[in-house]
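Next comes just one chain, in structure tokens: the form predicted alone.
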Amino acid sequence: MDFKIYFLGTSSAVPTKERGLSCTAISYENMVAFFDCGEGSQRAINEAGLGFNRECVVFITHMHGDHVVGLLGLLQSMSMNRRERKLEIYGPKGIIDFVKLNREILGFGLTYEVHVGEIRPGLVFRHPKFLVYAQRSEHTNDSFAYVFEEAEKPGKFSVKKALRLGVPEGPLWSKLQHGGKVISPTNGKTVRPEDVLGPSRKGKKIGISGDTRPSKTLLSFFKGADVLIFDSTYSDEHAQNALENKHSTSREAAKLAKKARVEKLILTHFSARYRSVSALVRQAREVFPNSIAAHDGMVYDVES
């Protein structure tokens, strides 16, 4: 199954030669969920092979230029590629006016329908196979963090039980795995999914912090996440900057990850002042060993 995280922009505020502005994508089967859309995101999306015509949805964490300005280019690129699928965009207060007024000022039409919605804490998007929740974060303006939560998955399929109940390998196995009951061609008896499937399995949980200070609210929100992508703008050396600018250091991100008992911490949104982020990774690992740094073009396989 395709369940991957694409890191398309990992710099904060100012792009560098190696890092573009904020944009992360979660690809789940045939659906893509974008989180933030900094300037130049459409190029990174194209380079990643995600395309402009897939079923997708966009979530904006806050209305700062390095997180939202690229949305305009993405809308135009999708239209230039003759997109016809509806696009949904969600974000904090101001996102509706931002899209509406810029379309009017720039005078560009679209080949597809766009729905833009302002969010509140709680469930903001429902898909048959996943849910997206929002929670307020602590930044310099109205801002949100998100959780992408996979729907509960069926239990493991028992080949031995299926064969014993007279269901041969083939389409009937698939039907059982997807929750349907079947008639055994061997003995004519009805076989139900619960006859051949183990206990249902909890879906994966991915947290995306956006720009923020650590908080008790986010600690609770990200509790037990399989992957946490967190603001790591500064190193210990610039902890005061993090406090003043409402960002986090990599060590602070690691402390929250440890308390929240997440499985994996991925650091991102690095200040352009750091040519290398090795020190930030080292500081995070001193607290939470299972920490890595994101880089532009990196793809993380959630199922690996």
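Not measured: the values here are computed from a predicted model. Numbers follow the displayed sequence, beginning with 1.
As for the form predicted together with a further copy of the same chain, it is not shown, yet the points below apply to it.
Proximity of V32 to a further copy of the same chain in the predicted bound form: non-hydrogen atoms within 4.5 Å are absent; the residue sits far from the partner. The shortest heavy atom separation between D236 and a further copy of the same chain in the predicted bound form exceeds 4.5 Å.
Although the partner is absent from this view, C23 stays clear of a further copy of the same chain in the predicted bound form, with no non-hydrogen atom inside 4.5 angstroms. Contact check for L72: a heavy atom falls within 4.5 Å of a further copy of the same chain in the predicted bound form.
Checking S215, Q135, Q177, Q76 against a further copy of the same chain in the predicted bound form, a heavy atom within 4.5 Å turns up for just one residue: Q76. L106 is the sole member of L219, L110, L123, L106 with a non-hydrogen atom lying within 4.5 angstroms of a further copy of the same chain in the predicted bound form. The stretch in contact with a further copy of the same chain in the predicted bound form, judged by heavy atoms within 4.5 Å, is 89 to 97, chosen from 219 to 227, 89 to 97, 127 to 135, 142 to 150. Annotated contacts: K17, H64 and M80 all touch a further copy of the same chain in the predicted bound form [non-hydrogen atom within 4.5 angstroms].
In the predicted bound form, G38, E39, G40, S41, Q42, R43, N46, E47 are the residues of 31 to 58 with at least one heavy atom within 4.5 Å of a further copy of the same chain, listed from first to last.
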